[in-house]
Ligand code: ADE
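One chain comes next, on its own, written as structure tokens: the form predicted alone.
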């Protein structure tokens, strides 16, 4: 199918790095990789079949983290992520990222990570007719206590996001392992973000059940939920999300690979759409999933029978849920 002008609300910058760029940066900085061949590296960084759980899906990031060596590298990565989105006919993209994850391995200052990303994105949007905004992600399970090393707290990360609100940051996200880290633990950083006018999106209902989604909405004020596919097992949470107009950022290929759903046939995107939940379709991690956003649009047409009008509704849902509204499609 011809790719429509798309909106990607859920794309991780760390999961959108070109394998060739990982190889280039690591070779230049004499960082050992299993291979420097871009095609061979792409295979190592791509999850081709469902894994046991979310942790298994995150294995490629052990290699990807090696390329975040300094501000210049991060700027290149951000620029290329926007360039790749534009090449796929994406009109508006929100790149979410974990600044502490990108900073920790090479001990890059958090401000260098932020400044590099802003620099790369600004350069890209200055050269291409695309809108790109930023969402800072707090990692639930990565904090000063669990890392046993200097590490920013969730409150510090929320304040960092607010500091860059005039430089492209439009939202705050909560990501990482859900079980054992319920949304209520993060009420204060998300209050800080809300008070500053940032949008709130929370990974929930991916590797935990519907209650995780309820807490994200009720305790953190989430207007968008990353994935959220497991709400289908609780009609009350489905009704809550539908009635409040909360938007689900579904990522069908990723949802299968992480076993958020048991199979593509079991994915609830069609069911949720049909009962009036505000559903969107997104890429999650293009490199790790081995897909583009246009592939996900084609997938829901092919596998779930979405019509051109329904596809336009999915895109309109994303436009209306965007934290910095693009121009009308």
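If you're wondering where the values come from, they're calculated on a predicted model, not measured in any experiment. Positions refer to the first chain, counted from 1.
FYI, the form predicted together with the named molecule isn't displayed, but the following is about it.
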Do residue 175 and the named molecule share at least one heavy atom pair within 4.5 Å in the model of the complex?
yes
Would residue 61 show up as a contact with the named molecule in the model of the complex if we use heavy atoms at 4.5 Å?
yes
Heavy atom of residue 100 within 4.5 Å of the named molecule in the model of the complex
no
Although the named molecule is absent from this view, report whether residue 254 comes within 4.5 Å of it in the model of the complex, heavy atoms only.
yes
Where does the named molecule sit in the model of the complex: which of 156 to 164, 110 to 118, 200 to 208, 217 to 225, heavy atoms within 4.5 Å?
200 to 208
Given that the named molecule is left out here, which of 54, 261, 45, 291 has a heavy atom within 4.5 Å of it in the model of the complex?
54
From first to last in sequence, which residues of 279 to 308 have any non-hydrogen atom within 4.5 angstroms of the named molecule in the model of the complex?
284, 285
